[in-house]
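Read the single chain below, which is given as structure tokens and is the form predicted on its own.
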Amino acid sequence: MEYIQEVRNQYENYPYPYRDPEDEKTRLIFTLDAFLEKINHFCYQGKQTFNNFRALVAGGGTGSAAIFLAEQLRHKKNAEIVYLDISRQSMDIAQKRAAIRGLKNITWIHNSILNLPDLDLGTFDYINCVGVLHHLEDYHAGLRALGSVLAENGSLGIMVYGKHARAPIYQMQSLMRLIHEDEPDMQKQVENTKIVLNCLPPSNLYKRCEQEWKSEIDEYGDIGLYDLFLHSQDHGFDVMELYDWIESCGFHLVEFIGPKFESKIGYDPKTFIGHPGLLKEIAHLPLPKQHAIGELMSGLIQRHSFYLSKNTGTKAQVDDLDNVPFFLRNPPHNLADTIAHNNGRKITIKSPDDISMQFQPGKFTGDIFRYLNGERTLKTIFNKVRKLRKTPQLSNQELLEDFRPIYTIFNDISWMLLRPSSVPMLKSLEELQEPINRRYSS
């Protein structure tokens, strides 16, 4: 497979994304798909304790997902991360990052995900494969290889590129292939690409939206430029192709979990269409077609990030009143007071991903959020609301129907999640990083 060698050569010479291992002394990089709380909510009904838990990071690159998972699992009983990548240079960076953090729970393997069925690694409860499968000529074989080592009740976190929003990039890749047909020198290709970027006329598709992509080059330099414009194997998916691919490999799409409009809201026609009659017609379409409509209307989905499972019914349910509702990262400040003093008007708040959300508080919403502290179950919260209001006749169903629409708004962007009270709250990013900061502060 000649293309695999080309991809390997790229990541040996331009390991992406570039990370300075020394930065681990002062900060922990998180990846949205690898928060254990999200994996638990969407893939394990919130019930996973993460003891005796095995995770595979397939195509681990410079290590961000592996490091983040290993840090969260550092003190879990018999938890193990297996890192696998075809680039020795990328793995070297990842290993240096792990060494600085003192992480001992990662096993390192230099190999291709296509060889997983023959590596005798056992099975995994969770597989992270981000930014990899779209670089395979046979991405069906890639997903099936992952499935071959997934435990029966396991789950996958996947990211592949989107076709429509990346159209300017694919046009530029075609252009650079024409220019570099007989140019083997990778650095020469980079220099030529810089020349071309400076010569593009205003009519060029990429030039018209250059600011959307400029941060990639500003942050990662030549490494980012090569990955964007010079990749030898890069396939973008639209939603319909995505669903066909997933189902043909024996999986169910659990949820879209990307940032901003790459979350569930970006695939929902209701985000963009306010006409009730048209929405009613669209609602009769199969879900993949509804999501395809959302993708095409949004125009912003550069990446498809999602969880997969072999099973259905893996998400924690708000109807289970023994579940604890909690915010993932930066809960809104004094939301209960804001609701109480807003006289029933709509409220607008921003999520950690800078998504503006508007919701209409119900009769009991302020009271519910007053007692929502990340530790109380819905049953406990509802009992406290009844006691506060001195209305013992108020039913759980009435309170749940008040809470449900606002929970849905937060959950659609993975900001509010659920877990049973028997599963303890995990450490925050600051709490995970604090011992590392202390170790190197002197």
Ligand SMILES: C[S@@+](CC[C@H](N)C(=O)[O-])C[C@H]1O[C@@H](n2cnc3c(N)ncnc32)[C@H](O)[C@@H]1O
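Residue indices: 1-based, along the sequence shown. Computed from a predicted structure; not experimentally measured.
Omitted from view is the form predicted together with the named molecule, to which the following refers.
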Inset, instruction - Although the named molecule is absent from this view, report whether G131 comes within 4.5 Å of it in the predicted bound form, heavy atoms only. - result: yes
Inset, instruction - Examine I223 and determine whether its closest non-hydrogen atom to the named molecule in the predicted bound form is within 4.5 angstroms. - result: no
Legend entry - 4.5 Å heavy atom contact, L136 to the named molecule in the predicted bound form: yes
Inset, instruction - Please run the contact check for S112 against the named molecule in the predicted bound form: heavy atoms, 4.5 angstroms, yes or no? - result: yes
Inset, instruction - Counting non-hydrogen atoms within 4.5 angstroms of the named molecule in the predicted bound form, say which of E71, D125, D367, D227 makes the cut. - result: D227
Legend entry - Partner-contacting position among L242, L84, I169, A98 - heavy atom within 4.5 Å of the named molecule in the predicted bound form: L84
Legend entry - Answer range among 310 to 318, 234 to 242, 354 to 362, 85 to 93 for contact with the named molecule, defined in the predicted bound form as heavy atoms within 4.5 Å: 85 to 93
Inset, instruction - Residue by residue through 58 to 75, tell me which have a non-hydrogen atom within 4.5 angstroms of the named molecule in the predicted bound form. - result: G59, G60, G61
